[in-house]
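Single chain ahead, by itself, as C-alpha cells, in the form predicted alone.
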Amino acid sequence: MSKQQAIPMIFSQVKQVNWPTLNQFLSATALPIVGIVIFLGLWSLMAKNIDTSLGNFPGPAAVWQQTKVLVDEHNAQMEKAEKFYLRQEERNAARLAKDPSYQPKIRAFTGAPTFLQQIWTSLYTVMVGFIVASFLAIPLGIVCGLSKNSYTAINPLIQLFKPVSPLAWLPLVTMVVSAVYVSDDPMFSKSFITSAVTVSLCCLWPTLINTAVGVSSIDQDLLNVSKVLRLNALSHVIKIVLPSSIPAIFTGLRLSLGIGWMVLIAAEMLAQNPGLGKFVWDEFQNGSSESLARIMVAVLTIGVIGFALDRLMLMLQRKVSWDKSAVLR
C-alpha cells in the first residue's frame, strides 16, 4: 500500500472513532471539579465564622494538616513496632545461642492502633458482615421470589425487623455474643463478632427484598423457555433466575453495603469497638484543639470509603451482568 493510499484510510478510521464531545468531557471532569472547589470555598468561609468550645471549626487547610499528622503518627507507630519485634528476635537469638533447648516466644506489639489501622479494621468488619448477610439474603430472596407462599410466610418477619435501628440490635447482640462465644483462645475478638453480626442484621433486608422483587419480575418468556427445556430446579435458578435478576440483586447489594457501612460506624461509637467510629468518639472525648480537625478527617474518610465501595459494587455488577451497556451511576 502506498503512502497516498494509507493516509486517507487512517483519517477515515480516526473519524469513525467515537471521540467524547466537549459536553461529555465537561460533565465527566470539569463539572465535578467545579463542585468540589465551590464546596471547599464555602467550607473555608463558614469555618472562620464558627466558634466552638475547642476553637474555630476546622477549615480545609487544618484538616489537610491533621491528615498528614495522622499519617506521620502511623509511620512512627509502625517503626516502633518494627523495633519492638527486632529487639525480641535479637534477645531470642542470644538466648538460643546459650541454651539451644529454649523455646522462643514472640509477644505482640500492644501499641494503640493508628488511624490507618482503624480504617482497615472497619473495612474488614463491614465486608465480613456484608458477605454473611449476602449469603443469607440472596438464597432467601430467590426462594421468596419463586414461591408466593414462601414470600407470604416470610414477609411479616421482614417488615417487622427491617425498621429496627442498629442501636437497638447492638445491646442484644453484645449480650448474646458474650454468652455464646466463650473461648480461652478465641480466633476473633468479641468486639469484632459483635460489630459484624450487627452489620449483618441491618444490611440483610435490602438485598433480600430486591432479590425477591427481581426474581418475581422475570419475563414470562424466559420462564417458558425453562419449561420447554425441562430444566431442573437448580439449573433453572443458575441459567434463568440469576442472570435475569442480577440488576435487582446488585441494587440490593449496593443499598445493603451503604447501610452496613453507616451501621458499623454507629456501632463502633456506641460499643467502643475498634474502628473509625471509636476513633471519632475518642477524639471527641479527648477535647484537644486538634480534635475537631481530626474528626473531620475521619468524617471525610468515611464518606470517601463509602463512595469507593459503591463504585466497586457498580463495577462488579457491570462485570458479571449480561447487560454490558449498563451505565455506572
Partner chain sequence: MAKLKVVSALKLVIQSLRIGVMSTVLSGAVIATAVSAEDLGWPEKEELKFGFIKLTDMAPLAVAYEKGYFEDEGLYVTLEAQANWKVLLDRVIDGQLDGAHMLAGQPLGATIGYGTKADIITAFSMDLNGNAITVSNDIWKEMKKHVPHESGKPVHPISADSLKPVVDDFKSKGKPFKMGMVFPVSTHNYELRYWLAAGGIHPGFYAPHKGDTSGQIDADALLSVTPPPQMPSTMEAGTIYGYCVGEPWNQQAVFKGIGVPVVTDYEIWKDNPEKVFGVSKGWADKYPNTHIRVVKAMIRAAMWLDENNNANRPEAVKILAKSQYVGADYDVIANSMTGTFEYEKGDKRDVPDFNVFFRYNATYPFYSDAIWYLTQMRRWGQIAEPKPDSWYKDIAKQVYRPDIYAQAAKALIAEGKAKSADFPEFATESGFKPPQTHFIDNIVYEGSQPNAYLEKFAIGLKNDSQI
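Positions refer to the first chain, counted from 1. It should be emphasised that the depicted structure is a prediction, and the values quoted were computed from it without experimental measurement. Under this definition, the rigid core comprises the largest set of C-alpha atoms superposing within 1.5 Å between the forms.
Heads up, the form predicted together with the partner chain isn't pictured, but that's what we're talking about next.
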Q: Report yes if all three of 33, 310 and 311 come within 4.5 Å of the partner chain in the predicted bound form by some heavy atom, otherwise no.
A: no
**Q.** Residue among 71, 238, 136, 229 with a heavy atom within 4.5 Å of the partner chain in the predicted bound form
**A.** 71
Q | Interface residue in the predicted bound form among 187, 157, 168, 94, criterion: non-hydrogen atom within 4.5 angstroms of the partner chain | A | 94
Q: Please name which of the stretches 94 to 102, 159 to 167, 137 to 145, 240 to 248 has residues with heavy atoms lying within 4.5 Å of the partner chain in the predicted bound form.
A: 94 to 102
Q. Quick one: is residue 124 in contact with the partner chain in the predicted bound form, heavy atoms, 4.5 Å cut-off?
A. no
Q. With the partner left out of view, is residue 106 within 4.5 angstroms of the partner chain in the predicted bound form by any non-hydrogen atom?
A. yes
Q: Examine residue 234 and determine whether its closest non-hydrogen atom to the partner chain in the predicted bound form is within 4.5 angstroms.
A: no
Q. Is there a heavy atom of residue 221 lying 4.5 Å or less from a heavy atom of the partner chain in the predicted bound form?
A. no
Q. Would you say residue 94 moves its Cα by 2 Å or more between this form and the one not shown, aligning on the core?
A. yes
